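Shown next as structure tokens: one chain only, the form predicted alone.
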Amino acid sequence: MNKTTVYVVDDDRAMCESLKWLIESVNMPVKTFSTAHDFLEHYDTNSHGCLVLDMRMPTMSGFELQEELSNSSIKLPIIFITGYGDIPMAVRAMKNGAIDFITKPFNDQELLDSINKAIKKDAERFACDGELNHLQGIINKLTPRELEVAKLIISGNSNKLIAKILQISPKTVEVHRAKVMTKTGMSSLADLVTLFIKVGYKQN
């Protein structure tokens, strides 16, 4: 597992150093960047942690970086900090998925509490992603024909109807059905349905 890291992006060098000192004082690794572009260039998409992000920066603002991460399907939890905060900005940040919106000057403990909350959320996300990858791996064991049969099964079709839809014999459907249950390790139709729902398959 990759080490948890708190990323700080702020064009104010003094603020970066201050945040680095504060976060390291509670034994959390920190990486600081003076621009959003610098962060994007060095960020490891497989890393754990959170992003403490200044709202107003030259070239690429905090909002623009948040949008860039979202478009790249990067779900790193974001805590916005700004000296120019207002309610509309806070609402926009939170609607776009930010964990928190903190105005400068801020209370050190408030920021540390927010960072801890963000790191916990990130850990939960990785756990969910890990489970999803595991379940998808189970389904990937099926051949294309077995996957077809499985989807028809969980949609409530009988062996006879599946045979008619796929233009194969009911006996062949039974064989595929048995293989589906064996390969997925599911012991019942309910378990098979649950497996497919968890990976995002919607029943017809």
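In case it trips you up, residue 1 is the first one in the sequence shown, and so on. Keep in mind the model is a prediction, meaning the values are calculated, not measured.
There is another form of the same protein, the form predicted together with the DNA; it is not shown, and what comes next is about it.
- Stretch-level contact analysis of 138-146, 41-49, 27-35, 66-74 against the DNA in the model of the complex, using heavy atoms and a 4.5 Å limit, identifies 138-146.
- By the criterion of a heavy atom within 4.5 Å, Arg56 is excluded from the residues contacting the DNA in the model of the complex.
- The DNA in the model of the complex comes within 4.5 Å of a heavy atom belonging to Ile168.
- Using a 4.5 angstroms threshold between heavy atoms, Lys183 counts as touching the DNA in the model of the complex.
- Among residues of the shown chain, Val175 is one whose heavy atoms approach the DNA to within 4.5 Å in the model of the complex.
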